[in-house]
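Below you'll find only one chain, the form predicted on its own, shown as structure tokens.
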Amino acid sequence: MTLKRFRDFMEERVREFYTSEGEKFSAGGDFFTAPELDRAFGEAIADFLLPKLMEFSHPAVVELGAGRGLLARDFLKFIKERQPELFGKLTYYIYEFSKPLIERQREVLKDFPNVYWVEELPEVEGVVLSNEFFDCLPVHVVKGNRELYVSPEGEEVWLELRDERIEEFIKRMGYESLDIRIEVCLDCIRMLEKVARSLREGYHLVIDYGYISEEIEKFPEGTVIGYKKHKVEKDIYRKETMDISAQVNFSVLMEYGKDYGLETVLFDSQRNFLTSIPVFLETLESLALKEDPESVERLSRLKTMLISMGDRFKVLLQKKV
């Protein structure tokens, strides 16, 4: 019987999902992301990062996993309208492995000649940003001194833990005494190193759903979950294409970021983050005063960002030092 480590199983399924044809985002897909809900999200990110980008003579933005390209579109449109001089100096890179998504992104962003697609992170001065990227990176699942494997029939098999990297991780994070499923994202740590190497100077902005170490015991069975047509799929081992993700352990990003010169500048909930940005508040207040159907609908979507997504989603800003 050939067993796969859960990490390898998850990587295969995620790649299969994102490289397959068909809608993945919005009402016709499998899940929503904040940029899909309303352009106010991308505008808020642009407003927040604008002064940081102005620190550099020729700034660049590198987006990790750009979905349909809506965040990039709303971000670039805002910069172009508010700071045309900065826009003229700005380069926007998209790090993406899915050919179907790249095709969609090219169509959405066809009016922006300063957008480029890359397979490796370029060396830049500016910002590396992501929205719902780290949750897609595969995780090792361990409990005690055992690691989770998956059989060809989709059965869970626990074998003795023999990976020193995982043992070191558990010790460093102070998880030795926990008798729960612990998700160890070594790929997240490798991505942090890539981000740090990419940044000559600048910032790393992560927006994703997740938790910190103090909250880990809320998830005794872990956080890995599947999504299909906006519904949670508990049987992730079914031979069916679906999105599989794991909540991001932000304590890991902050702790291991230190190894690569990434200093935490800000960590907060998405709600607090968005409501601290002037352009988002302006949009919120403007829509609240209107009664036309489009404004009412947009206001409802912004409330979704603040209420149902507001606490589950976290925002981390790190600075390369």
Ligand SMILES: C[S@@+](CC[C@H](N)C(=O)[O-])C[C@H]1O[C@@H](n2cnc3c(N)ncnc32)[C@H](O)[C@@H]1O
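From a predicted model like this one, the values you see are computed outputs, not experimental measurements. The numbering used is simple: start at 1 and walk along the sequence shown.
Just so you know, the form predicted together with this ligand exists too; it's not on screen, but the next bit is about it.
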Do I236 and this ligand come within 4.5 Å of each other in the model of the complex, heavy atoms counted? no
Decide whether E132 counts as a contact residue for this ligand in the model of the complex under a heavy atom distance cut-off of 4.5 Å. yes
According to a 4.5 angstroms non-hydrogen atom cut-off, is W158 in contact with this ligand in the model of the complex? no
Give a yes or no for G65: in the model of the complex, does one of its heavy atoms lie within 4.5 Å of a heavy atom belonging to this ligand? yes
Partner-proximal stretch of 160-168, 196-204, 90-98, 142-150 relative to this ligand in the model of the complex, 4.5 angstroms, heavy atom: 90-98
C136, C185, L109, M242 - the one with a heavy atom within 4.5 Å of this ligand in the model of the complex: C136
